[in-house]
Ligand SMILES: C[S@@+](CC[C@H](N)C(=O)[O-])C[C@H]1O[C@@H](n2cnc3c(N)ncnc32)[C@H](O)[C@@H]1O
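Before any questions on binding or motion, here is one chain by itself as structure tokens, the form predicted on its own.
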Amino acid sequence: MLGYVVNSDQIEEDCVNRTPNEWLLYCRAGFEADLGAEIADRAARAGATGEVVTPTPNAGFVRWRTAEGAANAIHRDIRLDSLVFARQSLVAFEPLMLDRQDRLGAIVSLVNQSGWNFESVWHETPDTNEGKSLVRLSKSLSRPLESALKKGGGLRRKAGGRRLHLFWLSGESVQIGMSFPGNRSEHPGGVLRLRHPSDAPSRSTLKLEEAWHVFIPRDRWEERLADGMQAVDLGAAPGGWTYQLVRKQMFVYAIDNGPMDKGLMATGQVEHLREDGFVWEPPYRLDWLVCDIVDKPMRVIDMVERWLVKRWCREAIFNLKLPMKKRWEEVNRCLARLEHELGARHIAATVRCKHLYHDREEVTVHVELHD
């Protein structure tokens, strides 16, 4: 791993000339190459000059380094909510190598001499077993670091909402990043952790709940996830996603040849139809289409595209199961196809896609049609 070696004699000289020339992004371990391909593609299209630092397999993060200057521009222009595989997006300095006898000295000097100040400090680690082993160390350094930063002016009550992130790579290495309101995840590590309902038919239920948190502003839930709405769950059995719709007091067409959870059927809010989700057609326009069918991504796109073109629903959330290799290329191909077809038919829609925490080898797509 590339690092920036600092000792007590060179801190003062080197830190003065340092600039945050990296774009640091967190991801699920094992998806580094996919995130790297995504940001390299996006950066090239944006005309940004730089390169992906060769990601370490299963590290849980990716670094992109500018050719010159700071990384603020690319961080601002390519927003976190537009990226598929990224959990968090930071402007960052190159990693610091720390002296075990004085870990805080290099960190405080870099922050103070950078000219930036912050309202809060977050200690984070990669979402890996190795990263979790660093949590105790980071917690032990939290209070003394905040005290030292306050003395030097690096931590203050009002600083434009800026947050300082210490991304611990090892006991001797940390990468210092910063985030800004409106273009970051507000969850530590970029992970929204949800409690699994004890009465849900399957763990897949959390995929849909997380999708609502990610794609729908909380202040619009009463409007867009309202009581009495009509929904369809394609490939519903045993009912993990139907469970979330029922909890929102919606009436659901559950389309699947497999059996549905008895508790869901007892609510009176579910009509189970043993039919093929790829060919079933609704009797009238529904509010929601949700789908977690295991099939080829483009086949799912074909099916959802038909629903959207015929306006059989107002909003849709569906998963695309990914191939083992070239996952970004497949996602990009599917999204480009969907957006092209909607545009060709002059259908106004917002399309977003995210690799959610509760996803595994799939991504979740949300489409909102605009009447």
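Start at 1 and count along the sequence shown; that's the residue number. Keep in mind it's a predicted model, so treat the numbers as computed, not measured.
From this point on, the text means the form predicted in complex with the named molecule, which you will not see here.
Between the options Phe278, Trp288, Phe251, Phe215, the residue in contact with the named molecule in the predicted bound form by a heavy atom within 4.5 angstroms is Phe278.
A heavy atom within 4.5 Å of the named molecule in the predicted bound form is found for one listed residue only; from Pro95, Pro297, Gly240, Gly177, this is Gly240. When contacts are judged by a 4.5 Å heavy atom cut-off, Met265 does not count as touching the named molecule in the predicted bound form. In the predicted bound form, the named molecule lies within 4.5 Å of some heavy atom of Asp292. At the 4.5 Å threshold, heavy atoms of Ala236 reach the named molecule in the predicted bound form.
Heavy atoms of Asp256 reach within 4.5 Å of the named molecule in the predicted bound form, making it an interface residue. Only one segment in the set 115-123, 158-166, 72-80, 240-248 has any non-hydrogen atom within 4.5 angstroms of the named molecule in the predicted bound form, and it is 240-248.
Of the residues in 190-212, those that come within 4.5 Å of the named molecule in the predicted bound form through at least one heavy atom are, in sequence order, Ser202, Ser204, Thr205.
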